[in-house]
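Shown next as structure tokens: one chain only, the form predicted on its own.
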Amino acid sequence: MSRPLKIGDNMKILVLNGPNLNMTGIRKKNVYGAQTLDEINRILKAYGEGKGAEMFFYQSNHEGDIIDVIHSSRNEYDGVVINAGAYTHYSYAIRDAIEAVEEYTPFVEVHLSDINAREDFRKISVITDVCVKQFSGYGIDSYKMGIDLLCEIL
């Protein structure tokens, strides 16, 4: 499924965040929480490293940049935790990019808020079927659950 680990290598996990997640801690704190994305990333870095994973982080508001990172993930990372933000609900381009590399790199879809308890358009995820699993509505723990799952299956 992923690139073979060499003896002594840590697994490499990328946390990939899509549009507007750079505004976490500023935008709709009652929905997304008060922690900034930098604070969340610091917590996740320590969490993943405690599980023996080398953690990497990327956020973009640009679909093409996210697709480029997804394409390169097959050679650079053992697994990816993805919060595609609003792209979750309509970006077939991101879905197809994940599908193109899923044989090499497993993706876990995560969301801070419970997308199934929000507006109707947010209940649709076009990326779920190309991801190993979805964790939604657990705040930062959604990401931790994604890291846990990757550590289990890698």
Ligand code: DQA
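Numbers for residues come from their place in the sequence shown, where the first is 1. Because the structure is a prediction, the values reported are computed rather than measured.
Missing here is the form predicted together with the named molecule; even so, the following discussion is about that form.
J.: Run the site superposition, bring the named molecule over from its position in the predicted complex, and let me know if the shown form is open or blocked under the 3-atom, 2.4 Å backbone or C-beta criterion.
T.: After the site C-alphas are aligned, the pocket of the shown chain is open to the transferred ligand.
J.: Is there a heavy atom of Leu37 lying 4.5 Å or less from a heavy atom of the named molecule in the predicted complex?
T.: Judged by the heavy-atom cut-off of 4.5 Å, Leu37 is well away from the named molecule in the predicted complex.
J.: Should Arg118 be classed as touching the named molecule in the predicted complex when contacts are defined as heavy atoms within 4.5 Å?
T.: Yes - in the predicted complex, heavy atoms of Arg118 and the named molecule come within 4.5 Å of each other.
J.: Indicate whether Gly48 is a 4.5 Å heavy atom neighbour of the named molecule in the predicted complex.
T.: Outside the cut-off, so no.
J.: Does Pro106 reach the named molecule in the predicted complex if we count a contact as any heavy atom within 4.5 Å?
T.: Flag for Pro106 set to no.
J.: Looking at 39-47, 109-117, 55-63, 95-103, which lies within 4.5 angstroms of the named molecule in the predicted complex, counting heavy atoms?
T.: Only one stretch passes the 4.5 Å heavy-atom test: 109-117.
J.: Do heavy atoms from each of Leu21, Ala86 and Arg122 fall within 4.5 Å of the named molecule in the predicted complex?
T.: Contact check passed for all of Leu21, Ala86 and Arg122.
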